[in-house]
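In the block that follows, a single chain appears as structure tokens, in the form predicted alone.
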Amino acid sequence: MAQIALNHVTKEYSGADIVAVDDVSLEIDDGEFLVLVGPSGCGKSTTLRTVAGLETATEGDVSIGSTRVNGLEPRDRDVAMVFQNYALYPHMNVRHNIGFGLRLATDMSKGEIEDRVEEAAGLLEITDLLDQKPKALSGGQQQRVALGRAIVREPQAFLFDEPLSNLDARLRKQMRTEIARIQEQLDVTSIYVTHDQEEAMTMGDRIAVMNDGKLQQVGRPNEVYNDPANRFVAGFIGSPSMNMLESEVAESDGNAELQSAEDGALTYALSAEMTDEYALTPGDRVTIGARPEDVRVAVSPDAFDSQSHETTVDVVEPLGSDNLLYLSLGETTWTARVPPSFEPSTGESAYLSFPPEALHLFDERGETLKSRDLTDPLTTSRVTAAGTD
């Protein structure tokens, strides 16, 4: 095991004028499971490949343990990588696939290799498959074999490059639980790359969000979800995405309020305390944000103590444990997560509300001014006003 550190790492591709990784500094603690997450093309896989030695940093340093590894070949970095494609040898059985790297790159005896293979197979619960060839295995079983090949190396770090992308939804959920369990059991420093924010939230000790080659935020999953550093992180982390609306600070009867910039369909009164705390003045452009679980919906405005807004129900999406409502408010669509007992009809009028404690605000540059207040009971529970006549 070892700490991994990236110090102002940049990766440029000459001739293409592309900066794939832009001045990234990041430390992964010994034994930590860190997930790099972001949209396709954001630089997360290039960052991982730079740690592995498959790409060379244009600037900056990469360290594994106490060793600066910039000049080391991949085989000399003592890391094991698991790829999206399983890269199994079709003519070898599972036993030989798992042990191939040890036979090729170490002077371990046949018996020692066999012991390690058996131990890894037991950990992955594929002992009964050791004599099978890859073509006889399911996708999940093949991925376990690829994991086994990494485990027997006993490396300082595991590097996972979207290893579950080829699996169906059920197998992905099963395998991400298995990978998290195995990593915790082995306590090996790990970096896991994915574009799936649900994988990131459920697997990582910490998550690092990237966009356009830049590191946007690093933190524990709930920290990133509840207190995003900027508008991009707020919109990317969370499913369904945060509701957002560009607005402008205006003055009404001597009090400040937010008005939707495009169509004026939503106005949201601000308290004097909030206006002062975030130094909001008339004419300021800000973006309103509210998580779907913080948007409360009812068929009558009388259900709410605070301000409400009339909408039209566009779509009702039953999920079993919840319903998702898609609501038209002017030219924008709002998403609300409500109890399954509340199922209005399409085209029906409804009212939405969200308390100031649940409000996110972002400035004109997209930086966070305010995040939801987790000390308030309204934002720490998922109780939704619904179905009030």
Partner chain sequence: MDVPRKTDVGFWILSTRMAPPLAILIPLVGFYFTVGIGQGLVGLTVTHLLITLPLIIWIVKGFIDELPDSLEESAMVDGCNRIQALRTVVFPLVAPGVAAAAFIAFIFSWNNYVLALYLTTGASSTLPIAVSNSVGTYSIQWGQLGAAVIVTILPPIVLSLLIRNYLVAGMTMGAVKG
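Residue numbers count along the first chain shown, from 1. Computed from a prediction, not measured in an experiment: that's the story for all the values here. Superpose the two forms; the largest set of C-alphas matching within 1.5 Å is the rigid core.
One more form of this protein, predicted in complex with its partner chain, exists but is not displayed; see below.
Think of it this way: in the model of the complex, its partner chain has a heavy atom of just one of A169, A279, A272, L104 within 4.5 Å, and the residue is L104. This chain lacks the partner; the member of H309, R153, R176, R95 within 4.5 angstroms of its partner chain in the model of the complex by a non-hydrogen atom is R153. Only one of 204 to 212, 234 to 242, 299 to 307, 76 to 84 places residue heavy atoms within 4.5 angstroms of its partner chain in the model of the complex, namely 76 to 84. For R149, a non-hydrogen atom is located within 4.5 Å of its partner chain in the model of the complex, even though that partner is not displayed. Using a 4.5 angstroms limit between non-hydrogen atoms, P90 touches its partner chain in the model of the complex. In the model of the complex, at least one heavy atom of L54 sits within 4.5 Å of its partner chain. Among heavy atoms of R49, some come within 4.5 Å of its partner chain in the model of the complex. After superposition on the rigid core, displacement of the C-alpha of H91 between this form and the one not shown amounts to 2 Å or more.
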